[in-house]
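Quick heads-up: it's one chain on its own, the form predicted alone, in structure tokens.
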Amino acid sequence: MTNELHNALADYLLALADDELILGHRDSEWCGHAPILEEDIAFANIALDEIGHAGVWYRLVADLRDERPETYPDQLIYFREMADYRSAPLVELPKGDWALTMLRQYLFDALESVRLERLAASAYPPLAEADAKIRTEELYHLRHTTAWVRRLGLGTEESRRRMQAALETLWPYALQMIEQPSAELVEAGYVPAEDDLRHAWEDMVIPHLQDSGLDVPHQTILPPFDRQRHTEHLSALLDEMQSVARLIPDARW
């Protein structure tokens, strides 16, 4: 693999890792506040899984950048500035109500499902191996959120209203998540192309949303998207997430 491909793949994986990390943090904000006790436990586990999956991708980034994988994730998570993060707006948005949280998780899980299915055949062996560690847990996430979307969409008039409002808010951000990776990575067989992911994702989510009583918005023009620019919400999230590590930077737990 050339240095150019190394760097491109590291950037690709860093974006995946940051998305998982920030979404995991948002999910963790429901700990103690979910609508039922069983879901409080289940969703806390999903939050932990997402953060754990971020660690898998961060370690691959460390390998590609010849860093020490045992310490590199901590440096990336706790001591990077906001401008150096590569998370997407979808995961940065505040947790909102339960409908928004669950719908966001479903849209994200569905995209991960189709992406992981394709990354399993990656021509970069460490990526395919890492994919295998994550896929089983992500399939559980998708089953869980698929059921919740249907439950809320076909529940009460109020739950459907909230789900429809969440869908109107989240749909443009979800479409942004499906980006075109560098042509070199696609041609080398390391990662899937955008069109492939988009069609597979839409084929999965649109029928389920409609079967759940929701009207999928018509979105033909996507707003501009740059992973080096962030929503105003990420700053407060990072301040909270990084506060202890920055207060005691040499701490060992």
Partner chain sequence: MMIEIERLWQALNDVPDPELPVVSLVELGIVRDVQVTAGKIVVTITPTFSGCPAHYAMQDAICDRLRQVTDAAIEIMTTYSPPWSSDWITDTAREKLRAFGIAPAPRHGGNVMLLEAVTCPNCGSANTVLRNPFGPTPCRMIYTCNDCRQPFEAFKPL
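Numbering follows the first chain given and starts at 1. Since the model is a prediction, treat every value here as computed from it, not as a measurement.
Another form, the form predicted in complex with its partner chain, is not on view; read the next lines as being about it.
_Contact assignment for its partner chain in the model of the complex, among 168, 179, 84, 129, heavy atom within 4.5 Å_ = For this set of options, the contacting one is 129.
*Consider the chain as shown here, without its partner, and state which of 216, 48, 193, 31 has a heavy atom within 4.5 Å of its partner chain in the model of the complex.*
Answer to the contact question: 48.
*its partner chain in the model of the complex: within 4.5 Å of a heavy atom of each of 88, 94 and 227?*
None of them does, since no heavy atom lies within 4.5 Å of the partner.
*Have a look at 50-58, 22-30, 200-208, 184-192 and name the one stretch with heavy atoms inside 4.5 Å of its partner chain in the model of the complex.*
Contact-bearing stretch, as computed: 50-58.
*Applying a 4.5 Å heavy atom distance criterion, does residue 139 contact its partner chain in the model of the complex?*
Residue-level check for residue 139: yes, a contact with its partner chain.
_Close approach of residue 143 to its partner chain in the model of the complex, 4.5 Å, heavy atom_ = Contact with its partner chain, yes.
_Would you classify residue 66 as touching its partner chain in the model of the complex, given a 4.5 Å non-hydrogen atom cut-off?_
Contact with its partner chain, no.
_Whether residue 133 contacts its partner chain in the model of the complex should be assessed with a 4.5 Å heavy atom distance threshold; does it?_
Heavy-atom contact with its partner chain at 4.5 Å: present for residue 133.
*asked:* Using a 4.5 Å heavy atom cutoff, which residues in 28-46 contact its partner chain in the model of the complex? It's fine if the answer is none.
replied: Heavy-atom contacts to its partner chain in the model of the complex: 38, 41, 42, 45, 46.
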